[in-house]
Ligand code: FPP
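The chain below stands alone and is given as structure tokens, in the form predicted on its own.
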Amino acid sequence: MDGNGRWAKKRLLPRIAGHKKGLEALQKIIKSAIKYNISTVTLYAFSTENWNRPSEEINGLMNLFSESINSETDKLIENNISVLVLGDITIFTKELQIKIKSLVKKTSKNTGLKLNIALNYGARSEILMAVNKATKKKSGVLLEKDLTENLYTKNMPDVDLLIRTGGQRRLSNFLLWQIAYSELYFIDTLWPDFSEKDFVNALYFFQNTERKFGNLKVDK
């Protein structure tokens, strides 16, 4: 969800204003995902590299995460959305950790949209974590399934479609294992301006892509 800061800068606003506007866009896209029967959505909310940003912005984001949990938990439950957090949350304050764990627990029995939120997440660190866990459980040669079973995304399907807003054409350490055969959709629109129409265009792009997974035969 790239472009919050640039959106704010263009309007001579503090960067946190862009993140707050980005949250409004997120709420709209979650509703659209439900509308179009998307089963799983994974959001890159805060990366392991984002700690390098100015402390004022980081503190603002932490407060925004906390406030969002307070304001959105009941809505998530009402809309039958289950939430799972991907990443190492132990670096956050105890208060925020408690709120995150409570949110995950309260929504765990919901059977609708699966909403994954990547917080303090980095794909390289996730893969290293999975290797270390797998080698403790098994000696000898590791198989793909040994790593897959030790990722944050265990028991989840691989990514079908990755959408990146903001005009950048890179993956930025996001779900590198899980996107091996995903379709990549890049759009110049800054995240706060990303609309349902933009989301639908991305879905049409996916629908009209022939997925061969390295084979000549096309699965439809």
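Bear in mind the structure is a predicted one, so any value in this text is a computation, not a measurement. Sequential numbering from 1, following the sequence displayed.
The following text describes the form predicted together with this ligand, which does not appear among the structures shown.
Proximity of A45 to this ligand in the predicted complex: non-hydrogen atoms within 4.5 Å are present. The closest heavy atom approach of W191 to this ligand in the predicted complex falls within 4.5 Å. F65 belongs to the set of residues with a heavy atom inside 4.5 Å of this ligand in the predicted complex.
Using a 4.5 angstroms limit between non-hydrogen atoms, R53 touches this ligand in the predicted complex.
Taking the partner from elsewhere, every residue among R6, L23 and I117 has a non-hydrogen atom within 4.5 angstroms of this ligand in the predicted complex.
Heavy atoms within 4.5 Å of this ligand in the predicted complex map, among the stretches 174 to 182, 57 to 65, 34 to 42, 148 to 156, onto 57 to 65 alone.
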